[in-house]
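Alright, here's a single protein chain in two forms, structure 1 and structure 2, each given by itself as structure tokens.
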Structure 1
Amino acid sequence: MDCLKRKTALAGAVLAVALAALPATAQQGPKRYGPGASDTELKIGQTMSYSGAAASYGTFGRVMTAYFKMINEQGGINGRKISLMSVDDGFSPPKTVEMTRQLVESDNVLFICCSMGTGPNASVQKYLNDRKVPQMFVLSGATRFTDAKTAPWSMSFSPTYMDEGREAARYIIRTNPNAKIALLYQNDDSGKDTAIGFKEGLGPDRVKQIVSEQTYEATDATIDSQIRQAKAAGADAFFDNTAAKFTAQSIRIAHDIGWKALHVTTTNSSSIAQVLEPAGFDKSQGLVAGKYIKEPTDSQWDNDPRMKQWRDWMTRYYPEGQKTDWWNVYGYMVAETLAHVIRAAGNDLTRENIMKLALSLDVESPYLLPGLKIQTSPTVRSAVNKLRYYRFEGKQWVLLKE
């Protein structure tokens, strides 16, 4: 075993200790297999936006694919090869339906995991729940994926959009109690969820501090008019809940028209590679974002053992990936968490047991910011539920003191 593999094995052992809270499963017990599981293999399905409008998020799927390549080189999990069947849906719900049906009915995957986007995942949610196929660690913060009553076979990984909205509102009010607030979000379920949470975070007495509330369509070419209207309304704080390419636009436009509002964006639109570089570092100064993962550009993590191990892993297994992109840390962390759920399942590789274990997590992941944990239960169905705030300074994100 070379140096990197020793590091990886040690890192896995560290997180395995953290995952000790998972319900015990007897590896020597009777073998119970669902579709896609055997003595030698476990098939997992995933739809990912490798093309289309959200292609930049495809890096997440590439990280997961590379992670399980490493796992298989080391002998798999409990002696089984993990076949992650990650297919491109172009971020198009009709394509997601087609590809998911193929994964479940033709490829016979045990479960669907870590598929990208609110619309694509919503398009197959009923289908998967009706068939009792786990829709695990959905890459969306929409509350529909955390409702145990209507969708008992669904769960997400990141904080819900409502949680993110609440946290953003509280941050703005802590920073400027008398802020005049502009709110911009995509005209879909995810945007509306975040707006609801934001208003809840403000509270009924402060909602009137919103002086501009606007939406945009995912198919719009630009949000120039919305930014100009927000400035004209006199807003001095801006919650920018837009997709990555529009966040880059809003940063440029706000800078160019001299709008110096407190600019707060979301986790998903805080990538240096996908948002801030296209917008221009000079125009991005002072931008604030809620985050829950250690930001790879934050110098305080330069000597962090697990971040160093992740960089070494990127060099070996995903050299074309950007080490400045937090999505690549996120993908690794989710893949690692999934691997430990599978390991804990032992020989009981049924859909029921996998879902039970995924809803029984209590993990101190080394990739989360200090004070945050991965915690799930039958009623808490998003793995991460809190955020901390960063400000962009120079060429990196700097964690703000609480």
Structure 2
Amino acid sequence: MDCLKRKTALAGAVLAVALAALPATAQQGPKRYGPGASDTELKIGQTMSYSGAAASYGTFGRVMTAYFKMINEQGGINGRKISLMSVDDGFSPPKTVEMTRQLVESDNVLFICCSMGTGPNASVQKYLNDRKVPQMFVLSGATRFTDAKTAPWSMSFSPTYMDEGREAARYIIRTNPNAKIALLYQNDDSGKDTAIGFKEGLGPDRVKQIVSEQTYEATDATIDSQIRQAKAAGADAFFDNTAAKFTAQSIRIAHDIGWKALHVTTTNSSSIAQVLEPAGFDKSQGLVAGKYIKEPTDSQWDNDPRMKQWRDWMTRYYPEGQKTDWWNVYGYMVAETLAHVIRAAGNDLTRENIMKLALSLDVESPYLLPGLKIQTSPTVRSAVNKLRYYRFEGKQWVLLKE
């Protein structure tokens, strides 16, 4: 190696070090701390359904906890240990209120992130907004968490129910402009939000194409009656906005009574393990679902390097978690996004700055489907708000062309 080259190399190295250091110092900036932030630690609160009716979603909190355990083993974020206080509320709103007050008032967390469920989050929405505590990445699709006017300190992560409805309507009309549509949803706010979004997506001229609009109760034993009515109404497209176990039922019933409609369902009900396997693959052929996340049971991602990395991570940090449960991918993705926000905040760990950063995201995630991004703005307050459509063929979901 001659002298000149060595010099260039040296200069290059110095430049690289300088460049690497530059954004770091620029980002870190002067220290501004809100409650729960210090030179060594950042406290975050979360209420989670580790017990009770929604205990199966508790795995989300476990994934996040494991993720930040890993982060802390690696030295934390910007030199700070991340203390995620994830407490059980049993999916019971009164308990959520008690726990959240405790997190905010005595544990002094900087913000609440990724708490579980519409009811529990709704019960503390006013409290958190009044106190200007960020209610970040709410795990609910309810539209109430994405309204900048009434709740400037709330925002959610996944597509809202209205997003889901709108996208489904567009898909159905794209596929069959003259479809006669049956609509089925749970008789509650979430179901009604989706129905509103769906009709919005159809547009005023096409709303009359809905030939059957029905609801069911979460406590119903079966939805046999509704599916038979929809068939009798002559519908040839079916937006099936039911909870997972009811979707499994509707797939089976539609097949058994010989109703061959374009059957479109939602992200929450598109799990192979939770819905299609119990319903039976033979009966699920042709089912269409809007999705945004890479499903771990889907063999097309078997060789995806980042999904492999996720599996290894699961084995190491969360071995008791199920690698077939997409909630575990989801939890990992949200944790990663949260870490991104904290990293970007540098030394400005105030509630205002965290909220500002969470509402100006533009990030790719390897766990989202190709073509989708995590994107927010002060008016677009659900981090993921578009869907891709899939058809179930053979034993897997096949991504449809846009």
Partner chain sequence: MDLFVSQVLSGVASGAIYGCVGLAMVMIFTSTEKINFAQGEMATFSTYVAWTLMTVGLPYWAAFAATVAISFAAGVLIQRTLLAPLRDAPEMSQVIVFFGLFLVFNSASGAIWGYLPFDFPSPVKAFSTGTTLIGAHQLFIILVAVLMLTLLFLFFRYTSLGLCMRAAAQNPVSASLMGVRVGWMLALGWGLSAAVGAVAGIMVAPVVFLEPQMMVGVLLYAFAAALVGGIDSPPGAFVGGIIVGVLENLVGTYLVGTDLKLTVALVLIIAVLIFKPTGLFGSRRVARV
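Here the structure is a predicted model, which is why all the values come from computation and not from measurement. Residue indices: 1-based, along structure 1. Take the two forms, find the largest set of C-alpha atoms that superpose within 1.5 Å, and that set is the rigid core.
Undergrad: Quick check on the two chains I just loaded: which one is the form predicted together with its partner chain, 1 or 2?
TA: It is structure 2; that copy is the form predicted together with its partner chain.
Undergrad: Can you let me know which of D89, Q135, V384, Y67 is the hinge position, looking at how the rigid parts move between the two structures?
TA: The hinge between the moving rigid parts is marked by V384.
Undergrad: I'd like the rotation angle of the smaller rigid part against the larger, computed from C-alpha superpositions between the two structures, in whole degrees.
TA: Comparing the two forms, the minor rigid body swings through 14 degrees.
Undergrad: By how many angstrom is the Cα of K260 displaced between the two structures when the rigid core is overlaid?
TA: It moves 6.9 Å at the C-alpha.
Undergrad: For A289, give the CA shift between the two structures in Å, the superposition being done on the rigid core.
TA: Looking at the C-alpha of A289 between the two structures, the offset is 3.5 Å.
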